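Here we start with a single chain on its own, the form predicted alone, put down as structure tokens.
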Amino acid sequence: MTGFIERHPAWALILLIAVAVMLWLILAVWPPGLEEAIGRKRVFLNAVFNGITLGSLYFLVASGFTLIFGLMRNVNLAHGSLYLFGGYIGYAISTWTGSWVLGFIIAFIGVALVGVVLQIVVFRRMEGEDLRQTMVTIGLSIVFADLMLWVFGGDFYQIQTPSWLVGPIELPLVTAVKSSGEAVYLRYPMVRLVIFAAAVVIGIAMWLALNRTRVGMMVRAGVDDRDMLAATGVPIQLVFVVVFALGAGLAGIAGVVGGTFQSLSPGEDTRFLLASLVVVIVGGMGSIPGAALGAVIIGLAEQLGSVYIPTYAIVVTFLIMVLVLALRPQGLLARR
């Protein structure tokens, strides 16, 4: 990021001004003229928080994708199928047992095991063959999609939010001021805030694991020079299986999250695969902080765009990707 500021001071200044304006819009009491121009502040704040929490969901999917694609150089275009499969597992377990948390655990374990099978059976035989990996995983994604359609049908499913997370919570953000002078504060669903907090904890834990532990050092060394690492006696294939399982398991967890505050249906696998690709391109391959930044940017762009320019909301997302590719092709926070 420091290098970006040094090379592009004008763009850095524009970004700083944009952040300052966004903070003012969130924290300040809007004058009447501003509300007449762009609408009520409550709508804006809901769109911002929806964008941030949607970004946390995108981060959970994209962080697994960046582990597999960005760090291990495995092109897994069946990653969206892992997301949807995890969501269906979470729905089945939570419906059967009544436990939302158990749905997360079983989804993580089940999808991680699928990831182990994919790594051993598919990717280990095609190391360094990007085109073959692409074609095979596209085929697998089609097979997985048809199997899930056969088992679960074409209906929409939503995972029941646990009772202790139902309802809104009042946040210290003023949305309006009554004629009496009393402030009206924003109320936002607690489940979304809890999921956002969990995504932050997972992101920090992943960054620490990759950058401050021996296992993370072995993973990064294995990507850069796996032959040299193997010569030191490290079981490199076992390390890669564990990393692939972790990336797949994160997609499974994301599926349960998506099924909780959105819904599960055929086609969601493709949607979240594309979202993961855009997030990784914007944030930078192999970078956990980059995945977080890219996910928040894309989430905010989608939600603010759907509120203020609904016809062109999807265009905004891809316009951001094009701008990043033009100005910083390696991504905003690419791993060096």
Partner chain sequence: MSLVQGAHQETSRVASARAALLAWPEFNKPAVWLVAVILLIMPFIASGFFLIEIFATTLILGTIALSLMFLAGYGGMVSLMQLTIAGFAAYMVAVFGMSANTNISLGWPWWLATPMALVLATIFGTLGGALAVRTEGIYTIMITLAIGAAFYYFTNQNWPIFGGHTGINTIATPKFWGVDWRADVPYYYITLGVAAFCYFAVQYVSRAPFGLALQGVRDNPRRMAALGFNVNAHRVAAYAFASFIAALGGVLQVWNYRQISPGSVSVGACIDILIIAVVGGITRPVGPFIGAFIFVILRTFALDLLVKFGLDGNRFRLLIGLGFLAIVFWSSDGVIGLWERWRRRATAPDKRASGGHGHG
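Computed from a predicted model, the values in this text were never measured in an experiment. Residue numbers count along the first chain shown, from 1.
The next section is about a form of this same protein that is not shown, the form predicted together with the partner chain.
Heavy atoms within 4.5 Å of the partner chain in the model of the complex are found in exactly one of 109-117, 251-259, 127-135, 189-197, that being 127-135. Annotation: in the model of the complex, residues Leu304, Tyr308 and Leu332 none come within 4.5 Å of the partner chain through any heavy atom. Contact annotation for Arg220: none of its heavy atoms lies within 4.5 Å of the partner chain in the model of the complex. At a distance threshold of 4.5 angstroms between non-hydrogen atoms, Phe69 is in contact with the partner chain in the model of the complex. Looking at Ile314, you'd find a heavy atom of it within 4.5 angstroms of the partner chain in the model of the complex. Of the heavy atoms in Pro162, none are within 4.5 Å of the partner chain in the model of the complex. This chain lacks the partner; the member of Gly98, Gly167, Gly139, Pro235 within 4.5 angstroms of the partner chain in the model of the complex by a non-hydrogen atom is Gly139. Out of the listed residues Leu277, Leu45, Ile52, Leu293, Leu277 is the one that sits within 4.5 Å of the partner chain in the model of the complex by at least one heavy atom. Counting a residue when any of its non-hydrogen atoms is within 4.5 Å of the partner chain in the model of the complex, the hits in 142-163 run Ile142, Val143, Asp146, Leu147, Leu149, Trp150.
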